[in-house]
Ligand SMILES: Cc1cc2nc3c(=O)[nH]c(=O)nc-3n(C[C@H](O)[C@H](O)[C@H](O)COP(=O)(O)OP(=O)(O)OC[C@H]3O[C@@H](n4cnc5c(N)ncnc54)[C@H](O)[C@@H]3O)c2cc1C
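One chain follows as structure tokens, the form predicted on its own.
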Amino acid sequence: MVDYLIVGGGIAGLCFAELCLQNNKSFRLITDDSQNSSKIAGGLYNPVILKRFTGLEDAGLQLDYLDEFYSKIESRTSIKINFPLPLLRKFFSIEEQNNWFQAADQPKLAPFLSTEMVKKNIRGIDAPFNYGKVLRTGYLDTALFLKSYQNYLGEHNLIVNETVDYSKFVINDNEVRYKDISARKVIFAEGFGIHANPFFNYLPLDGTKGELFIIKAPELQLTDIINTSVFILPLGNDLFKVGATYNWEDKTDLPTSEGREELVSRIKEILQCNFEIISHYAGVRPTVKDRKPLLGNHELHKNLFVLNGLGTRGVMLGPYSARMLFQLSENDAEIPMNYSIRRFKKKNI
């Protein structure tokens, strides 16, 4: 018998797997890679909602843990995945400049918004109103994280590549059996795939489709992350990741002509240079209307847990949320209501 069966091999599932390794808990992880939002994610971590200049709850705590957490993963896999990098918010008017500095005076935002205007000539971008700098930002190479970590699990016979069959779960008070695997507890971290999960599909996870590009722009001399109506992330060798769109209706992971046109239009508003689209990706983010994670255990089956709803900020929320769920499972620690599935009641259980 293993301590945990983890269903889902995206950011959420792998973060919980890492906590198992750190705490000497045995586990098996099942994935079929059907949910690709983690793979194609922008991977940015940023403690501020820059559209409205508002702070994120627990942002400082999440960033503190993020550094420690991904550093341990880099040591485990011997692969660099975390890249701290400055993020510049391009101002489009004097009014935006004023809103920035007003926000920087707020105690919640002061640790993250620089009060020094950044006057920087970036070839390929016209910024007559300059930039504001967000502190403690960077990006995680999510595709490399998933590939290297799943390879590590495979080398240690900890991963099973198959599509989970929910009808094969046999649940008892002290044990859950799935085919030939016996586990004390099960962690469901399937992302948008939760809709097929009969134990937690009542949870209001909507899913938001996002599309992004990899572009080549040899004339663009950019070494920082730029955030405007889209983000532009330098990857090296004249390549840049650009995104993302938000579509609340389409739940497929196929790139669309509408998404392409929207991204091209936004890029042309920012870049004053030529660019070539190298790749076009799409995925459905596991989002909840209140933009909070879904953490907790089943009301009847206490040994079934859910780790989901990380939305657009999975890189920041993943380690922090996985730790909260691990502490609930192992120590019966209480999960704050704004993270807990208890804020959503299932009828007629």
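The first residue of the shown sequence is 1; numbering continues from there. Small disclaimer: the values here were computed from a predicted structure and weren't measured.
Quick note: we don't show the form predicted in complex with the named molecule, though the next part is all about it.
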item: 4.5 Å heavy atom contact, Gln272 to the named molecule in the model of the complex; value: no
item: Ala17, heavy atom within 4.5 angstroms of the named molecule in the model of the complex; value: no
item: Partner proximity in the model of the complex: Ser34 to the named molecule, non-hydrogen atom cutoff 4.5 Å; value: yes
item: Non-hydrogen atom contact Gly210 with the named molecule in the model of the complex at 4.5 angstroms; value: yes
item: Contact residue in the model of the complex, chosen from Ile267, Val134, Val164, Leu220 - any heavy atom within 4.5 Å of the named molecule; value: Val164
item: Heavy atom within 4.5 Å of the named molecule in the model of the complex - the one residue of Val306, Val48, Ala322, Ala41 that qualifies; value: Ala41
item: Contact stretch among 6 to 14, 322 to 330, 337 to 345, 20 to 28 - heavy atom within 4.5 Å of the named molecule in the model of the complex; value: 6 to 14
item: Heavy atom contacts to the named molecule in the model of the complex at 4.5 Å, residues of 276 to 301 in sequence order; value: Gly283, Val284, Arg285, Pro286
